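Take a look at this single chain in structure tokens; it is the form predicted alone.
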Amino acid sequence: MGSRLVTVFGGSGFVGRYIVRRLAASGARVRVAVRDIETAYFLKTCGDLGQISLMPTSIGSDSEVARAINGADWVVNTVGILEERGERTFTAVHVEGAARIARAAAQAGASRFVHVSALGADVGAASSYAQSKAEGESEVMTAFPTATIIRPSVIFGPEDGFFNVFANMARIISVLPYFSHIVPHAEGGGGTKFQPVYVGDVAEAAVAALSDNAHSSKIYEVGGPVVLDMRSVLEVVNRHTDRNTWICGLPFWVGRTMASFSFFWRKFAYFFAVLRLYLPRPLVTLDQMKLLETDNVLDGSKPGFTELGIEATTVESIVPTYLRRFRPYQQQKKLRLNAR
């Protein structure tokens, strides 16, 4: 990539940081556009002196987005949220923010644009998250017709909010619940299906899309080599944390009830500012429950890793390396003693 300048929006996030590292390793100069540069200082050591620069940027500001893109050859957008909080709504971030970045990239003369979306993006979906992702894709392609869109399934890696969340739950409580439309012990009763994809592979896909103009104007759907239902995901957690936490299947209506209670309780708490300080964020929102009711796997209708020249990484080759920290203390002590 030589000395090309690449602006990465959301570069300090889970996916963004891996893209920044790969771009830096390829020799590109990287400008990281983030809301709070203090949270992104760790990226400075991912490249040579001066190779990675940080720029405070709000994707809600036309002028700040334009400034972040000014002079960039290529642009990558990885900004996304899983839960709406205050002004950071799905529409504001996934639709308006993505559109603003794409328009600015086109106006600045950037030659390539990669937009990281999500598998399951669909304007007809029940989930507002999935709807907004699809609307954002449409806005991007309208503003920047040669953009490349990457739709990953659920992403795993050392900093993920997937396997780590369940492993932490297993450390605290004695049951790991999942939700299913089918009786849990019956065929197909393992709950929602996923095709977990390694964050490093998603980053490699983004860099590959930038590197070859043949990937322009295309949508790539990427997932790992294995499909896992929710019960299997929790079994992976148990196995690699050396725990025997009870895995319990529940009907979806239970999850919707739990999410509804959490939603209304937090709304009520807005009247009591002090009380809100002590309220935990909900484990699952109503919109996330809607999202969970649909499998998140590739259907083969779109190109994927094969067309990008990437071999997908397995869950079993990565997840054990970062779930070991959730093992019981006595187990960790036993392993240390045995190693002496």
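One-based numbering along the sequence shown. Keep in mind it's a predicted model, so treat the numbers as computed, not measured.
Below, we refer to the form predicted together with a small molecule, which is not included among the displayed structures.
Among heavy atoms of residue 302, none comes within 4.5 Å of the small molecule in the model of the complex. Taking non-hydrogen atoms only, residue 88 approaches the small molecule to within 4.5 angstroms in the model of the complex.
Although the partner is absent here, residue 67 sits far enough away that none of its heavy atoms falls within 4.5 Å of the small molecule in the model of the complex. Heavy atoms of residue 14 reach within 4.5 Å of the small molecule in the model of the complex, making it an interface residue. Checking 231-239, 136-144, 72-80, 208-216 against the small molecule in the model of the complex, the stretch whose residues place heavy atoms within 4.5 Å of it is 72-80. When the small molecule is considered in the model of the complex, only one residue from 247, 154, 170, 95 comes within 4.5 Å through any heavy atom, namely 154.
None of 130, 105, 203, 116 but one reaches within 4.5 angstroms of the small molecule in the model of the complex through a heavy atom, and that residue is 116.
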